[in-house]
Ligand code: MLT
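Encoded as structure tokens, the following chain is the form predicted on its own, with no partner shown.
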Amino acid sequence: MRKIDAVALPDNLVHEQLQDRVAVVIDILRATTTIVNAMEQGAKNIVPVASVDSARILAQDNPDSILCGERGGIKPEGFILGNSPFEYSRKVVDGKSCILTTTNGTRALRMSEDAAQVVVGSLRNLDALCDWIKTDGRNVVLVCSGTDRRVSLEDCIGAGLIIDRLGYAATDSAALMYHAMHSAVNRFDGVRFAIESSSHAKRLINLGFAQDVQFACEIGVSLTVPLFDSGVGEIHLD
């Protein structure tokens, strides 16, 4: 039987958890949700980078690219797009390379590079993601991005939903996320309300991004499964 593992923060990863496995990076609010939408809207690829300065340097060398991202939830000076999925419309990103840096999600992608394959996970592509994983057939590790290097409830809920859908043999860490997801969803009477109860969601709502939170809570509405090719440093579609 296939196995599934999970970490609440990318800092908790050890090499053995990535070796010969599919790593699913989860940053519900908002990087992986935004990446899924950007690719769905026709982006050529997405290049995740660790820092704002690195993104700016890379954009200078690639004049046809779009500089995208956030720090503290806010678009840095000189960036074309922030980290709101609504900014990534087909009119803006179709055929474009998006250079993206975010506080949490792009860091988690880079820290998962040693996996056999890195996949971008969100609630919006949950069904397509799980179908892709089952077809691939390898064991899985779920990498929750967290918020400012602290555990995020919304990412753990996303991980728990993936564990529930796949039905793989779970490690203790994965089982804890599965049970945490069920507890939160039952307590708040639904996935969306459970996620909106998280400190990160409340912060985004206070910043004026309530619509982003609602968008991120829609389950299974996208067929897009972005893959991160660490060899070339790009996210693309299979």
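Residue positions are given as counts along the sequence shown, with the first one as 1. Quick caveat, the model's predicted, so the values are computed rather than measured.
Missing here is the form predicted together with the named molecule; even so, the following discussion is about that form.
A single residue from the set L204, A184, V49, I66 has any heavy atom within 4.5 angstroms of the named molecule in the model of the complex; that residue is L204. At the 4.5 Å threshold, heavy atoms of S97 stay clear of the named molecule in the model of the complex, well away from it.
Although the partner is absent here, N104 is a contact residue: one of its heavy atoms lies within 4.5 angstroms of the named molecule in the model of the complex. Although the partner is absent here, H200 lies within 4.5 Å of the named molecule in the model of the complex, judged by heavy atoms. Though the partner is left out of this view, L29 does reach within 4.5 Å of the named molecule in the model of the complex, counting heavy atoms only. Three-residue candidate spot N37, E40 and G42; no residue lies within 4.5 angstroms of the named molecule in the model of the complex by any non-hydrogen atom.
In short, of 86-94, 69-77, 162-170, 121-129 it is 69-77 that has heavy atoms within 4.5 Å of the named molecule in the model of the complex.
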